[in-house]
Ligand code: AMP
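Shown here is one chain on its own, the form predicted on its own, set out as structure tokens.
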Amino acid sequence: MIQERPGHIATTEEVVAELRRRKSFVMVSHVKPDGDTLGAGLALGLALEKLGKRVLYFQQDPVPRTLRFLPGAQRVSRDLPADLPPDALFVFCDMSDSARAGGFLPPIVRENVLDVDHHLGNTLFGALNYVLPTECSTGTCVMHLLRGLGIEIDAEIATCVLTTIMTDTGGLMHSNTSPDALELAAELMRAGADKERITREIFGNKRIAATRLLGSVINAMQFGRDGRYCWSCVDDATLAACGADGEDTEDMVNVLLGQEGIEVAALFKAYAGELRVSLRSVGRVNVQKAAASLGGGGHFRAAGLDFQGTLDQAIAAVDAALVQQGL
């Protein structure tokens, strides 16, 4: 049985023992899912199924177009069956707190929660918390568990894990692309991971609407703090004018960060009744701390937050938070 120890980071051995003990699992992805949350959950779930476990896949939002190629993605649902055992283990992947799973997830007792993550500032909300902030993705955290379970990494699992790496390292371009990450990527490719397809689906095959939207975002760029800060906005009207949707904003903040002399970039996404901010840093400014001061979270160089208020208020609040971190 899980022994609750608030603030405790579980060892690989502790988590593996619990995975072996339980018979039923629910892999939980966060709202507005990306390749890390979904790929990590699918990889672990597919592996547990090899051990004869029953595995379900919960996700409040639909699977994004760019991730529908993932093995098992068609099984993801926001509905859970009535016969789910009371001791099913809910595995939250890539979340600093349980609220990131959304409001459709039913109440869960803490003893049935495993938190697998790599974010700084994780609230350690599970009875078991397997949080490894030095890993480049939650999927690479999962790889430690798969090795502990002695699971053979087949092509489907390898594709899911490599997707998490490619997603969170920006196609192996970000600073978290460590030698370990590169070595693991090579291992996964040898196991059958389809890197070409992952690259094409996630970074290529852009819709014309997405390209038009990127043009609007670029045209709306603004600069501040002596040219060190670049920000832009997307709203309902912009999306409508381009024939785009929220999925098409993925990775656009990195285009802002790529401008000459920029140290920090922000993309303000005000649509569908929500206001979310994506933040990126080249490394001097800690955007995780800036986001955390406004109720968000993430990593030193990549973070985000939901903002309650107007767009003008968000722009001012984020600017102040970044200045507080040395921008």
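Residue numbers here begin at 1 and follow the sequence given. Note that the coordinates shown come from a computational prediction; the quantities given were computed from them, not determined experimentally.
Here the subject shifts to the form predicted in complex with ligand AMP, a form of this protein not shown in this document.
Examine residue 297 and determine whether its closest non-hydrogen atom to ligand AMP in the model of the complex is within 4.5 angstroms.
Residue 297: yes, in contact with ligand AMP in the model of the complex.
Is there a non-hydrogen atom of residue 281 within 4.5 angstroms of a non-hydrogen atom of ligand AMP in the model of the complex?
Contact with ligand AMP, no.
Spell out, yes or no, whether the shortest heavy atom distance between residue 302 and ligand AMP in the model of the complex is within 4.5 Å.
Residue-level check for residue 302: yes, a contact with ligand AMP.
Partner proximity in the model of the complex: residue 306 to ligand AMP, non-hydrogen atom cutoff 4.5 Å
Yes - in the model of the complex, heavy atoms of residue 306 and ligand AMP come within 4.5 Å of each other.
Select from the listed residues 112, 140, 96, 176 the one whose heavy atoms reach within 4.5 Å of ligand AMP in the model of the complex.
Among 112, 140, 96, 176, a heavy atom within 4.5 Å of ligand AMP in the model of the complex occurs only for 96.
Counting only non-hydrogen atoms, which stretch in 189-197, 96-104, 211-219, 228-236 is within 4.5 Å of ligand AMP in the model of the complex?
Only one stretch passes the 4.5 Å heavy-atom test: 96-104.
Pick out the residues of 106-124 whose heavy atoms come within 4.5 Å of ligand AMP in the model of the complex.
The stretch 106-124, when checked against ligand AMP in the model of the complex, contributes only 119 at the 4.5 Å heavy-atom cut-off.
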